[in-house]
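We begin with a single chain expressed as structure tokens, specifically the form predicted on its own.
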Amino acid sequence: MDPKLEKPYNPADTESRIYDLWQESGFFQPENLSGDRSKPFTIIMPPPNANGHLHAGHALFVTIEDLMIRYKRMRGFKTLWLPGADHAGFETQVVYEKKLEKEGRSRFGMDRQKLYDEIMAFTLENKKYMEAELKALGASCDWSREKFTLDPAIIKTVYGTFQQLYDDDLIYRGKRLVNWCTKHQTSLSDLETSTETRIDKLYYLQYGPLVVATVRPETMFGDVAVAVNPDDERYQQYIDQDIEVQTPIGSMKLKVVADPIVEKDFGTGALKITPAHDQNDFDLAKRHNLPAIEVIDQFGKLNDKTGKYTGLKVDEARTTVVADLKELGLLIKEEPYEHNVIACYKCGRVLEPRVIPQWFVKMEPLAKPALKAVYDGDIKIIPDFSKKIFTNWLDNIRDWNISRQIAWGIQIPAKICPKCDFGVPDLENKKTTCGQCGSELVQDPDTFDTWFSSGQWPFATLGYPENKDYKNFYPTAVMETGADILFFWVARMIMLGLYRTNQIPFHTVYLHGMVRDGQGLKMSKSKGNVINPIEIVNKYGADALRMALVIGNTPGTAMALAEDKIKAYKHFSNKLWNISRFILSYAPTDNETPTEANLLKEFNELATAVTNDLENYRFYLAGEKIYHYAWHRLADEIIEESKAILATPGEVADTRRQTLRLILGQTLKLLHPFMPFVTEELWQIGKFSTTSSLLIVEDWPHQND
């Protein structure tokens, strides 16, 4: 028996050595795989943010994607798992801003290039840690093809898409209402927000002959109309009439307009319309050709259009304005009101809508082909219920603001006119004057929303359009990612992939849910319930963590991950080690020795079931079946009954030895995608194959063709 088996299994002594063995073999690279591998199977890794360490969610995606790649590699596919790292735009800049705050510095006032260079150095340093952690989890990806979202080739592809969208009249620069974070001083897309339910006050204000209900009396100085429902009999006489409205800083004339968006049973059925500070009001104003008057500045303070309230922050201004309205007899009443507010998803501050010039993508023309691809079944989304969520969102999609007022990211390759807000792509930096007013153009200082560049990830990483990797591996097979970024990322990859390449970017979308703690609670540092995957690997081994992440984890739903569960699968690693110690303690017989057909038939039925589950993305069922077979059938029953058989030398014992060895080797194959390290180590010790020294490229035990 190999001396290694005489010691207890220790992942710490095994895993890094085995990973080095795989890397040195070159088998992570598809061109180094032997045999007739005409069918490609490609996964483009969702690039982890290169601004910190991996978390439990990263460990889950690595486990599932590595499982698929290892399985398909053993099935004879030309497998490519392309790794990457994301500069993560706004998120990384927020992380770096916190670092600056601790150092007593601020990005405001810093030279833009200096800030960019500092964040780049910070990101590249953290990128090294992130990559080492991916390897510790067993990621068998092709590191020779690794991509970073700020690689020159990626930026070139992103610029090409921007230019093409502009040429096709699908990108425009315009003044529209956007979400604005007063802390981070940037616009955010609708998906970069969080919705919170709050109880505020609903104020009833006297507006000339009418009474309006509003939660934002401080914006009254930017009102341009009062709106009522066209079918509301109470207000028919006022429709299309001007009314004079008294405010604490003077009177204003407002037109009464009729619009079906107004709900007759909300408040009084009459609404003040402030287009510059409310999305619904902005949309209504466009329908009625009304202006937008901004009265809150970029810092969340009332501006010089508000008279004595100039310089007050929103909350302070609201309190002061309400007090003044009450003194003037214009406050009719106030009552509690539960409603949703939109906040920055990073700092939690309530966002202030602003009308500012930004670059927008027209989404409806891009959404239609994406919807068709999903409806026609060209792209399958797992779990099935996510398809409806996906299609509902695309059916109601709005134009996408892709401008960000931050230094970190891919700068928009355009010139803009400060005078008339005109903008035009300028990839070669040749344009000097505005095509509308003749003024001098300046470089747009904004950067792309990170989802605009990462939305091109599948074809950009493969070198669209001429690179051989693009020709050999696109469209990709599976996009595995978190259910929470179905809209952020997956939908955008489908839309931009179809637009730029005229092909779907992947055939299948597999969505995993959030990893929660053992009590099902969201992990957070403040709760002290964060599970650090690398600490777990150091304690129990990557195989134990991987099994705990797969078994019991159905797609699209949140899973609870307790340390006790991980510890249990560490015991399973030990059990597998002990099973192998027993079987391999007997010298192998001649290859001509017969085997027991009934036991092999039983194993083949297991292999068929496991293969079927893997082909249908039921990883949790496949893992559970192998686990129960190895522990409860092979160890508890077959080995136990074998002890008496093997005690008496002869043909029966030889047959059982040969059968056990064959079953062990095949079991290691079935388990390899789930527990790659311990299975590879045992494969090396057992010397099961005469054709290959590595389990990673062995043939799968069941061909389900």
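Fair warning: this is a prediction, and the values are worked out from it, not measured in the lab. Note that residue numbering follows the sequence shown and begins at 1.
What follows is about the form predicted in complex with the RNA, which we do not show.
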ask   = Using a 4.5 Å heavy atom cut-off, are N502, E615 and Q666 all in contact with the RNA in the predicted bound form?
value = no
message = Just checking whether H184 would be counted as a contact of the RNA in the predicted bound form - the rule being heavy atoms within 4.5 angstroms.
response = no
Residue contact check: P291 to the RNA in the predicted bound form, 4.5 Å heavy atom = no
task = Tell me, yes or no, whether A560 is in contact with the RNA in the predicted bound form, where a contact means a heavy atom of each within 4.5 Å.
result = yes
inquiry  = Taking the RNA as it sits in the predicted bound form, is D168 near enough to touch it, meaning that at least one heavy atom pair lies within 4.5 angstroms?
reply    = no
ask   = Which of E125, E263, E101, D231 has a heavy atom within 4.5 Å of the RNA in the predicted bound form?
value = E263
key: Q298, Q246, N574, T595 - the one with a heavy atom within 4.5 Å of the RNA in the predicted bound form   = N574
task = Select, from the options 325 to 333, 189 to 197, 78 to 86, 471 to 479, the stretch whose residues sit within 4.5 angstroms of the RNA in the predicted bound form by heavy atom distance.
result = 189 to 197
request  = Any residue of 193 to 230 with a heavy atom within 4.5 Å of the RNA in the predicted bound form counts; write them all down in order.
outcome  = T195, A213, T214, V215
